[in-house]
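Have a look below at one chain only, the form predicted alone, in structure tokens format.
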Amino acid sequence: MRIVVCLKQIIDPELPSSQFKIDPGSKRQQPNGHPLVISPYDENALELALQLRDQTAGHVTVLSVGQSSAVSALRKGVAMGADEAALISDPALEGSDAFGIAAALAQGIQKLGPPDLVLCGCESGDWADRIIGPILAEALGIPCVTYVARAEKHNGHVRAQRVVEEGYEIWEVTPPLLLTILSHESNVPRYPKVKDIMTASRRPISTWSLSDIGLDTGHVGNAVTRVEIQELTLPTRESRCEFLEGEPGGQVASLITKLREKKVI
């Protein structure tokens, strides 16, 4: 089974909000030397891919669209166990929306060769974007199952457990197909061993421009974006403390009244 996992490198979302800075011109977060990590759900997708590979003696490729710094994310993917890695990087990609990124990923996947399975995180860790997977599936012309917790090969099909509000559904789909993966106790990302990290640091990472994957620049970039960001700000939190006077019984009654007024109870 040939599996492609799409990885995105982002600024660590666990940083304190005080360290996040917004560029007023591009309306995007400024890196400012902050640590860069793989988007969390993408790591869950990679873990699931590695489990499937081990069950079916397949091949896992990690693929990313981004700047040259994304090589470090791909090397981590290789250290975790991926067999191959490739990066699509081109100045023309700057400012691309989900449609532009999906177009580049689709062309990159075609260059790698027809996959049996494509895995994406169900949501990006920076913009909380949940549409890359379905758009990519449409571009590849393959079925898509979203919010998958676990999957396995079963009688020539892929059996996927899809989480829904009431519990979960079981889907059986014939490859090729795309799954978007959420976090689950069965796909907690493994920690790469030091030996594997060292080996991955020496592995070559294929880096492709748009011309290398046969994608015209008219499909990506700010000029063709379908999403307009008008404003991006950091949330502010205000808090205040109010002391209730009087005897304990009266304080309790006052507290209950105030909580009801605020519709907390």
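We number the residues from 1 along the sequence you see. What you are looking at is a predicted structure, and each value in this text was computed from that prediction instead of being measured.
Just so you know, the form predicted together with a small molecule exists too; it's not on screen, but the next bit is about it.
- In terms of contact with the small molecule in the predicted complex, the residue from Leu210, Val220, Val65, Leu48 that brings a heavy atom within 4.5 Å is Val65.
- For the residues Leu140, Val148, Val158, Ile101, the 4.5 Å heavy atom test against the small molecule in the predicted complex is passed only by Ile101.
- Contact check at 4.5 Å (heavy atoms) against the small molecule in the predicted complex: none of Leu52, Met80 and Ile197 pass.
- Contact check for Val173: every heavy atom lies farther than 4.5 Å from the small molecule in the predicted complex.
- Within 4.5 Å of some heavy atom of the small molecule in the predicted complex lies at least one heavy atom of Ile131.
- In the predicted complex, the small molecule stays beyond 4.5 Å of every heavy atom belonging to Leu117.
- When contacts are judged by a 4.5 Å heavy atom cut-off, Arg28 counts as touching the small molecule in the predicted complex.
- In short, of 131-139, 160-168, 108-116, 183-191 it is 131-139 that has heavy atoms within 4.5 Å of the small molecule in the predicted complex.
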